[in-house]
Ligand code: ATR
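The chain that follows stands alone, in the form predicted on its own, written as structure tokens.
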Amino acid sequence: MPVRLGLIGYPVEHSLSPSFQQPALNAMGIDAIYELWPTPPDEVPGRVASLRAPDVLGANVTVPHKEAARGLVDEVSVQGQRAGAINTVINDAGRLRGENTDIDGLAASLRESGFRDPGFTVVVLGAGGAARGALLALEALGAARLTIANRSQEKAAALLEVAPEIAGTASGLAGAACEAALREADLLINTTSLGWKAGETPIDLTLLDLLPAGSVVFDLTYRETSLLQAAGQRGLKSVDGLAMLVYQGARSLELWTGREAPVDLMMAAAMEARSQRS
């Protein structure tokens, strides 16, 4: 009998995770099935409890359940505690451990995009859970200065406390403070949900004209959003969230199996799945 893995979220039908996790499991010779587990909010406690079954290795967790899942496992890693959310659950003989591999995934993708040396300057759009994880990845990479731009500056200012080692400021999504930060940014990261639908943008696209030549615009969404298209039209390097998705998934796979994940195979499978959808 194959063991089971899956993705807990609501909705999950759009997810690319099975398209690269299943080929990886097959290549590793692991008799396992990776499934989609759509789970309404009121069913999350039961779904997480079901992960204790002996035929379940664990699960990934996606929006909107990452925060709720954190409170339903037996043990949470330091990264999961700092992020306030988990995206991976490991079944350790009936005891559930929670981890946040989104942080590792973003850090790996940013390194691949050229951010290997400390001292860079960042503007983060949004102040929600995804932004919180992004700050921890930026801290790990040695970001020197950070501006969080959000509709609520109060919420942005509070989020700065997550990564106190980075010199930080808060601003709105427009105005003098935001414009000044963009003029000095090496990296702009969109952590908001605006962008999944065509035409949605987190900021006025004319603000991209303020970014220095050579800046990178990164969107956590794993498609070419209107923000990324506009960045490319201006000659800026644009990066979507597909590599981050694969890297976080590879780290999850390693936690479930105790073996090295075939990252190149997973990346190729994810790219192929995305191209088929588009």
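Each residue number is its position in the shown sequence, starting from 1. Please read these numbers as outputs of a predicted model, since none were measured by experiment.
This next part talks about the form predicted together with this ligand, which is not shown.
Screening R116, R95, R151, R183 for any heavy atom within 4.5 Å of this ligand in the predicted complex leaves a single hit, R151.
Proximity to this ligand in the predicted complex, defined as a heavy atom within 4.5 Å, singles out one entry of G71, G128, G142, G172, which is G128. In summary, the region of this chain contacting this ligand in the predicted complex, judged by heavy atoms within 4.5 Å and restricted to 160-168, 76-84, 98-106, 189-197, corresponds to 189-197.
Proximity of R111 to this ligand in the predicted complex: non-hydrogen atoms within 4.5 Å are absent; the residue sits far from the partner.
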